[in-house]
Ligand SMILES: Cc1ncc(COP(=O)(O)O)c(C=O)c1O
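As a starting point, one isolated chain is supplied in structure tokens, in the form predicted alone.
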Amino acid sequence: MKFPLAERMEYIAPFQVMALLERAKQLQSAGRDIIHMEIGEPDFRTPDTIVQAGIKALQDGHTGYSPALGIPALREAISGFYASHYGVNVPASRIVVTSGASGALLLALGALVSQGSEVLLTDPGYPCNRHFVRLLEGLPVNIPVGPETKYQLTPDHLAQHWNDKTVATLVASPANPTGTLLTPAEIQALNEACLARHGRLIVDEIYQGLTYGVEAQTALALSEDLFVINSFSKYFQMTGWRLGWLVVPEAYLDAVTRLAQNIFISAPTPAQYAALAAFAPDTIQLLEERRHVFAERRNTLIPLLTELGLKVASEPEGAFYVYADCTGITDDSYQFAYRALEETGIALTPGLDFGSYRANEHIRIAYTADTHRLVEAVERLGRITRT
């Protein structure tokens, strides 16, 4: 029997890693020891200060809808965080609390993208970016990028691909899957290139705070005319709480407010009250300690991967990923990921999830496991790379 299906679904690809994760859990249920290096989720539990604040919110009856843009106290707390950590004045009125960073991305694109609009994106890049553009009947323009530009877009890319249908450019710093950063000067150049063409720059700062050897920064220090997406999931380690935020240029506040009211009603209220504790000094101290752990893992893992035959052409300075060229050991990263899982119990993400440009030549490896487990994972992978 035929059934109606929206044409857009032809362009919404599945997350390959989710099928791989399902298989990994099946193997675990059968008694196999699996080392998870595939999912973009910190392995640390949400800090207890945040958990206790969430419990108190529930006990105090904060279980109804909140204002569409978020509870005022949290918007003010985020504004204060920008001031205290980055020296940037971001009025709380421009901060919209959302249902995860995905909600923030949907609001930004919803305000910018019309049917047939084009948005410039990196390939490789986070897959939901292009899928959300398609969801809104726009056209994602996936621009191949490599280590020569740290897998980031440049003004030259914009000059080459921008046309009268282009409305925005979306970049990420730190980036997924590569962990690379854009410098303030690079973001400024991209923003100026967008504004000169009457478009907007959207900066994904979801992994802000998770940087190594480089101070964390924000694009908001450079301009009030760009959109910034952020999240409580990564640095604050609140993935399951589904909470993020969007900083909106003043001219778009009305549009974003109307979208938020209609699409989400509000972000989860208990999670918002819990997030107030995310900015407490003792919470930040713990998160900084954990950031140093991520740095140690990164510094341990990269040399081991290189010895294994994997090439890290652009060293990650943020997030918790290594995007590795695996052509030294395989010409099919998808098949290699499944072989690694079945034969060694190591779960990796094939490049196919992040685009099409040289996807078969790359795998993403998340260092979201204890250091000794990362060392063990490389040892296990050596069993199949040397045969």
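Each residue number is its position in the shown sequence, starting from 1. Since the structure is predicted, the reported quantities are computational estimates derived from the model, not experimental observations.
There is another form of the same protein, the form predicted in complex with the named molecule; it is not shown, and what comes next is about it.
Checking Y151, F227, F236, Y207 against the named molecule in the predicted bound form, a heavy atom within 4.5 Å turns up for just one residue: Y207. In terms of contact with the named molecule in the predicted bound form, the residue from R290, R134, R242, R297 that brings a heavy atom within 4.5 Å is R242. Remark: none of the three candidate residues (P140, W162 and L190) comes within 4.5 Å of the named molecule in the predicted bound form, counting heavy atoms only. Stretch 227-235 is the answer when you ask which of 227-235, 194-202, 256-264, 153-161 has residues with heavy atoms within 4.5 Å of the named molecule in the predicted bound form. Not displayed here, the named molecule is kept clear of T211 by more than 4.5 Å at the level of heavy atoms in the predicted bound form.
In the predicted bound form, Q217 stays away from the named molecule, with no heavy atom inside 4.5 Å. None of the heavy atoms of S117 is located within 4.5 Å of the named molecule in the predicted bound form.
Contact annotation: I78 falls outside 4.5 Å of the named molecule in the predicted bound form, judged by heavy atom distances. Of all the residues from 15-46, the single one having a non-hydrogen atom no more than 4.5 Å from the named molecule in the predicted bound form is G40.
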